[in-house]
Each structure stands twice: as C-alpha cells, then as structure tokens.
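Just the one chain here, laid out as structure tokens, in the form predicted alone.
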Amino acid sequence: MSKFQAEWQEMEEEYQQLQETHKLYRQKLEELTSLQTTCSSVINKQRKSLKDLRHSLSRSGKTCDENDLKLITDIRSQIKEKENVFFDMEAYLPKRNGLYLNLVLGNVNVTLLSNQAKFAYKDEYEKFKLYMTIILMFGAITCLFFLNYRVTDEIFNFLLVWYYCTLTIRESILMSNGSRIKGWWVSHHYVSTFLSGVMLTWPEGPMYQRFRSQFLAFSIYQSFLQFLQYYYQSGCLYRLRALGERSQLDLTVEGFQSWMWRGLTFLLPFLFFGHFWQLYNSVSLFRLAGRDDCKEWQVFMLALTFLVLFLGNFLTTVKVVHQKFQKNKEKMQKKD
C-alpha cells in the first residue's frame, strides 16, 4: 500500500504541475492573441495611411520641381520597402482566408506561426508534387501502351483532377503563410484543373479515340518536364535561401543570378517544346471540333483551354527570358 500511495502522490504532484503549466499556457495564448490583433490593426492602419500618401504624392508629382520630384521618388521607394515588410509580418499573423479557401475549407485559420512549421509544410508540398508527378507519368504510360480501356482512362483523368485541385488548395495555404507565388503561376493550376475535369467528362466515341493517344503522350512529356522543373527550382531556391535572398516558402524564382542561367538554358528548349505541344493540341482539337460528325462540346472547350495554357505559359517564359537579358544589359551599362 505504501508503494501505491507513493505512486499516487507522485501523480498528484505532476497533475498539480500540469494545471499550473496549462494555466500559464492559456495566459500566454491570450497575450499572443492580443498581440496578433494589435499588430494586424496597426498594419491595416499603416497600409491605409501609405495608400493615402501615395495618392497625394502622385498628385503633387505633376506640378513639383526637380528637387521635390527627387524627394517624392525617395519616399515612394521607402513606401514600397514598408509594404514588403508588412507582407513578411503578415505571414506570422492570422488573417481571413481568400475566396477559394473559404469555399473549400471555410473560415479556418491556416496560418503557421513558426518557421519550422512553414518550412515543413513547404517541404511536404514539394515532395507531394514530385511523388504525384512520378505516379502520373507511370499512369499515362500504362494507359497509352498497356491498358486501352475507358475505365483506366477515367481513373487517370480523375487522378489529374484530384491532383490539380489539391495543388490549388495547398498553394493557397502557402500564400496565406507568406509565399510570394503570384501571377500566371496562381492561375495555371486552376486552368489545368478545369481542363482535366473536361477530359473526365468527355464521353467515349470516335473524337475521343482520335485525341486519346496524343493527350496521353503529352501527359507523359508534361510529367517529365515537371520533374526537370522540380530539380531546377529546388536547386535555385536552395542557393537563394543559403544567400538569404528568398523566403523558405517561395515556389518560383523571380529574378535571376548568373549561376541560374546555365540551368535555365538547359531547361528552356524542353519548356518551349512543351508550350508548342499545347498549341498543337489546341489546333488538333479545333480541327476535330470543325468536323461534321463532332457533337461533343468538350472538344471545342478543350481546344480553347489548351490555347489559354499555351498563351499563359509561353508569354510568362518569354517574360522571364526578357528579364534576364534586361538584367545583363543593365550590368553591362554599369560596367561601362
């Protein structure tokens, strides 16, 4: 009995300590919530003030002299720096979800408060993309060369829809946590989700069989291309993080260093070939849509979607290359 009493006494002491620790935890949590609310309120107030100041500077810049114009330019530069700082601050503060996350998850706080948690989520996202790229590649190969059945095609197309839907959700969570992914890279996966959904609903028939092999071959190449992009981007981001020039959550590289160009030079022919394959898919589908025996609405819709993907991917890649040459030109001018 003395042994049981000693054990019970020890458990009782641990229980009392747990209660004290939990009480302290709740106090700190309330303090944290209060600090988060204060920071968010001040940031919103500062943003509004900076917006009003920017408008005032724009009006004043039309009538000021050269000295005042230099001062206005300097203030604008400082305003931009402050806005970047606010963006980094908000990555650690709870905020309302965007429309897409609200529709999918509801008003759930998805902000990760520690750098370790943010990086772990980003790392898991990149691994998910890599594993799914490999699975989709083998799935497309199987459907193209071994299993010519509508059921297996439907499973593959459903997997594509699920994959791109999952990517859009995960990327939205990353953006809520400070990732600077933006522009076409945000829209690209939404368009791909729509395209995969239309492929899933395309009924069996002569038009489907005419395009089936071309689509599966394109899917194999697309997986191969994503595999190359994964290793290029991860290598660039690893170097940039080591240099302290990029956040752990960045998904794409904006701007270039000299050592990046070599890897991109290798990747560019594959990228442009993939872009023009999308254009070829679009032209092929437009031709099918123009046939008298084509009754499916999916044919024209897929042709239009592939055309949108081509334009977005091609123009974005050209913009990236143009940025590189502009940067090289500026460096040469500074040397001269």
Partner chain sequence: MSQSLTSLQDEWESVDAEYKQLQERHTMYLHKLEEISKLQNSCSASITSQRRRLKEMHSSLVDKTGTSDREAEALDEIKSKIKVHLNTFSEMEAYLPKKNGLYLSLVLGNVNVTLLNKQSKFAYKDEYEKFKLCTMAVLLLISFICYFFVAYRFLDAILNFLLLWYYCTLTVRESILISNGSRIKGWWVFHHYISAFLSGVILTWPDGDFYKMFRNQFLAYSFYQSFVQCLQCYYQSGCLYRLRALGERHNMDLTVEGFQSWMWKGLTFLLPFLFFGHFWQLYNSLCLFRMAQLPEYKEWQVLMCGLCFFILFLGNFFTTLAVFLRKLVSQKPKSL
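Here the structure is a predicted model, which is why all the values come from computation and not from measurement. Residue numbers count along the first chain shown, from 1.
Beyond the structure shown, there is the form predicted in complex with the partner chain, which is absent from this document and is the topic of what follows.
Colleague: Just to confirm the contact call: exactly one of 79 to 87, 181 to 189, 214 to 222, 136 to 144 touches the partner chain in the predicted complex at a 4.5 Å heavy atom cutoff, so which is it?
Modeller: So the stretch in question is 79 to 87.
Colleague: L71: heavy atom within 4.5 Å of the partner chain in the predicted complex?
Modeller: Yes.
Colleague: Tell me, yes or no, whether Y121 is in contact with the partner chain in the predicted complex, where a contact means a heavy atom of each within 4.5 Å.
Modeller: Yes, contact at 4.5 Å.
Colleague: Considering non-hydrogen atoms and a 4.5 Å limit, does the partner chain approach T21 in the predicted complex?
Modeller: Answer yes; at least one heavy atom of T21 falls within 4.5 Å of the partner chain in the predicted complex.
Colleague: Using the partner position in the predicted complex, report whether I169 sits within 4.5 Å of the partner chain, counting heavy atoms only.
Modeller: Within the cut-off, so yes.
Colleague: Name the single residue among Q209, N102, S234, N148 that comes within 4.5 Å of the partner chain in the predicted complex, judging by heavy atoms.
Modeller: None of the others qualify; the residue that does is N102.
Colleague: Select from 205 to 225 the residues with a non-hydrogen atom within 4.5 Å of the partner chain in the predicted complex and write them out in sequence order.
Modeller: Read in sequence order, no residue approaches the partner chain (within 4.5 Å, in the predicted complex).
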